[in-house]
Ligand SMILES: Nc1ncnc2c1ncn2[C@@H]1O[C@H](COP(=O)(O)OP(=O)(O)OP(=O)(O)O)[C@@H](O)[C@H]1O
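Just one chain is shown here, as structure tokens, and it is the form predicted on its own.
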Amino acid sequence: MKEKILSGLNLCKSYQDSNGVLNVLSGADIDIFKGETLCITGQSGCGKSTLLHILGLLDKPDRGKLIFEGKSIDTTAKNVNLFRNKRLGFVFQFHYLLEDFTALENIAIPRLITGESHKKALSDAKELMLKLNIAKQADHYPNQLSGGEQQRVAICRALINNPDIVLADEPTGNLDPKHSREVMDLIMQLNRETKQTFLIVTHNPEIAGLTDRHLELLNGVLVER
């Protein structure tokens, strides 16, 4: 039997705009299982990123519950930021690498936030770069890296704390087809070799075809595809 790692129950979220209230999530339910790759698709503006941000504790639902390993998550708790940094990893369309830090240092930052020593954090970051075939770029700054290299650095950064889940928001949306395929091949390889759980939000149906499961966000709820 598959082991649930993260669930969202009856998630609701709305925003006020010039035309009134915009309901983005209308009671969405989701279960994420340990070791799987799960893709969520949907039209632009349908709320995919909002859902990912809620699941990743970057935003709060208006109503609904988040369950992590069988326990309810208090999104207002003081230690929620530490929980997020340790248990969850994030990859975004725009890499959000810090320009004044090398690739190696960018990867090490989440580990340093946990209180790890500088030496150990850099050592672990270097090991990840070796694994993902970008060790030669360790001392390069973000503006010296290609788009594909930047996204590999971002994936290393997401993995540095050995998270239970990596949440990826349009991870190939800013890349050309060649580098997009390289990034997706890397994600699928990591899933096969390490059983790392990935939740990927995208508008690209080809990516959905690569993952174990595919959900579509329609009218504020999730539909299995």
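All values reported here derive from a predicted model rather than from experimental measurement. Heads up: residue numbers just count along the shown sequence, starting at 1.
The same protein also has a form predicted in complex with the ligand, omitted here; what follows describes it.
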Open item on the list: Although the partner isn't part of this model, could you tell me whether G70 comes within 4.5 Å of the ligand in the model of the complex, counting any heavy atom of the residue?
Closed with: no
- [ ] Report whether the minimum heavy atom distance between L210 and the ligand in the model of the complex is within 4.5 Å.
- [x] no
Task: is_contact(C12, the ligand) in the model of the complex, heavy atom dist at most 4.5 Å - done: no
Open item on the list: At 4.5 Å between heavy atoms, is K48 in contact with the ligand in the model of the complex?
Closed with: yes
TODO: Decide yes or no: are K34, N161 and Q196 jointly within 4.5 Å of the ligand in the model of the complex, with each residue judged by its heavy atoms?
DONE: no
- [ ] Answer with one of N174, Q189, S26, Q43: the residue that has a non-hydrogen atom within 4.5 Å of the ligand in the model of the complex.
- [x] Q43
- [ ] Go through 48-56, 175-183, 26-34, 61-69 and give me the stretch that gets within 4.5 Å of the ligand in the model of the complex, heavy atoms only.
- [x] 48-56
Open item on the list: If you apply a 4.5 angstroms heavy atom cut-off, which residues in 79-93 are near the ligand in the model of the complex?
Closed with: Q93
